[in-house]
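Let's start with one chain on its own, the form predicted on its own, as structure tokens.
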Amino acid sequence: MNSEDLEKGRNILFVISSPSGGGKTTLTRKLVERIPWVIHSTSYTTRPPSEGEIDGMDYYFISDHQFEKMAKAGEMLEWAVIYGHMYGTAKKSIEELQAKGYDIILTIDTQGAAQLRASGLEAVFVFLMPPSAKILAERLHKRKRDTEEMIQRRLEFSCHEYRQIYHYDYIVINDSFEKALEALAAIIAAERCKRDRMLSLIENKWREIIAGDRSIHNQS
């Protein structure tokens, strides 16, 4: 089994959700830098870009009309309205990344994650939690992006999001950036080593043994 076999071709979809301020964006960026065969899928949104955000990198920023047209045409894998703006993942984006052999990370809210589960799409669901509501509030204030009213809305909505954790496969507490990063990397490694995912590789490399061919044992 060579390094290319180990690095590509699994097409695992990892779905990461967290409340606003939970740290999923920063952690995901570092994760894809660290693991070259994992890539982040860029979502679409109708909200205006925040300071420093780049179209096509942070999000694809499109109009309400464009988004609604894509949704009605069935081009969205999942989508949701969050704080008055639409967010979604295009099916084409995921298909193109899978065709290239990458494992894919989606950072989406719990509404979008619920849609993916209901669709029966195979994915690994990870919920990223701040260590406490107090620390989450501190992080939201520290980033200085929102009004006080919006911060309170985000904190109230986080209560609903927390109740969804029972639907996720893994929970990572982001009390330390490095520890959370290590935990996410460990989840990816563990999922890639699961039996059913490894068998397709092993069967091709060890077909003679699996088939019970003893002749290879007699080779000098």
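Owing to the predicted nature of the structure, the values given are computational and were not obtained by experimental measurement. All residue numbers refer to positions in the sequence shown, first residue = 1.
Another form exists, predicted in complex with a small molecule; not displayed. Remarks below refer to it.
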**OP:** Mind telling me which stretch in 27-35, 190-198, 42-50, 177-185 gets its heavy atoms within 4.5 Å of the small molecule in the model of the complex?
**Re:** 42-50
Original post:
Within 4.5 Å of the small molecule in the model of the complex, heavy atoms considered, which of I94, A80, A123, A137?
Top reply: A80
**OP:** With heavy atoms only and a cut-off of 4.5 Å, decide whether F127 touches the small molecule in the model of the complex.
**Re:** no
Original post:
Hey, in the model of the complex, is K100 touching the small molecule, heavy atoms inside 4.5 Å?
Top reply: no
**OP:** Spell out, yes or no, whether the shortest heavy atom distance between H141 and the small molecule in the model of the complex is within 4.5 Å.
**Re:** no
**OP:** Look up in the model of the complex whether K72 has a non-hydrogen atom within 4.5 angstroms of the small molecule, and give yes or no.
**Re:** no
